[in-house]
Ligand code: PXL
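A single chain, nothing else alongside it, follows as C-alpha cells in the form predicted on its own.
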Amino acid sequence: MTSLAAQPVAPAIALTIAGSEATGGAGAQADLKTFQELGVFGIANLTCIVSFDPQDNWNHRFMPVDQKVIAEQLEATTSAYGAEALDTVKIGMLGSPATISTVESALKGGQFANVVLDPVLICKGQEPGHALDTDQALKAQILPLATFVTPNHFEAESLSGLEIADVEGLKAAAIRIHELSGAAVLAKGGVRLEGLDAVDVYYDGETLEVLAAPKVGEVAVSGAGCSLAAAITAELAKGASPLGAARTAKAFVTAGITARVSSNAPFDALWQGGAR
C-alpha cells in the first residue's frame, strides 16, 4: 500500500504566451510538449493562430486572438496559481503591437521572476509595415523586461545591429544584446554558420560560453528555436541557473533534431521526445 508520505512532489509550473501553430511543430504546441518532457506543468495562453499555407510556398496564415481574450487568459492564469507557484514565463510569437502592449502590462505586474523571450521578429505572410511595427514594439516594450533572450541568427543581427558571419560575430552580438537588455543571452548560430558544429553563444554579463554540438543535417528544423527557449524556461522553473538551463536545453534540442519528424512540408519538425 502506498502511504501519503510517498506521494510525489508537485511539479514546477511554467507559462508560455505564444501562438498556436497548426502542424504541431512549433509555437505553443512545441512549448507544452517540451515542458511535459522536462517534468514541468505547462500552461499556454494563446496570442494568435498560425497555419502554413501549402498553396503559397508554405508561408504563414496569421490570425490574431482578440486582445480582450488574451488579457482574460492572462488574468485567469496568474490568478489561479499566484506568484509563488508561477514565476516563470516564456514569450513566443506575439504578432502585433496591440498584443505586445497587452503582454507588457501583464509582465509589469511583477509576478514573473524569469521572463524568457524568444524574439520572433518576422512572420512570413504579414504585411511588411505591420511586421516592422511589431518588431519595433517588441524591442522597445518586451526586450527590457526579459531576463533571458534566445535570438536566432537573423534575430541576433536585428537586435544587435551587427552582421554575424562566424562564431566571433555571434559572440559580439550576444554581448551587445546583453548590454541592451540586461538579460542573459543565448544567441543561436545553429546550421547557419559554417563548420561541422551547430554553435550557440551564451553570455550573461560575466560568463561567455560557446555551446557546440555536431550538426544534424544542414537545414533548420521546425520547432527547434521554440523548444530551446521552452527547455530553458522549464529548467529555470525548476531552479536551474541560466547557464545550466542553456546547457540542458542545447542537449535537449540536439536530441530532438536527431529524432526529427518528417512531413509533406518542406521542413521537418523537432521531436521533443528525442532525448528519451
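Sequential numbering from 1, following the sequence displayed. These figures come from a predicted structure and were not determined experimentally.
A second form of this protein, the form predicted in complex with the named molecule, is not displayed here; the remarks below concern that form.
Although the partner is absent from the chain shown here, none of 15, 114 and 230 has a heavy atom within 4.5 Å of the named molecule in the predicted complex. A residue is said to contact a partner when one of its heavy atoms sits within 4.5 Å of a partner heavy atom; residue 236 fails this definition for the named molecule in the predicted complex, lying far away. In the predicted complex, the named molecule lies farther than 4.5 Å from every heavy atom of residue 159. Mapping the unseen interface onto this chain, residue 42 falls outside it, with no heavy atom inside 4.5 Å of the named molecule in the predicted complex. The named molecule in the predicted complex comes within 4.5 Å of a heavy atom belonging to residue 60. When the named molecule is considered in the predicted complex, only one residue from 149, 198, 170, 120 comes within 4.5 Å through any heavy atom, namely 120. Scanning 89, 138, 184, 93 against the named molecule in the predicted complex with a 4.5 Å heavy atom cut-off leaves one residue, 93. Residue heavy atoms within 4.5 Å of the named molecule in the predicted complex occur in exactly one stretch of 242-250, 65-73, 204-212, 24-32, and that stretch is 24-32. Taking a 4.5 Å heavy atom cutoff to the named molecule in the predicted complex, the contacting residues in 35-61 are 50, 52, 60.
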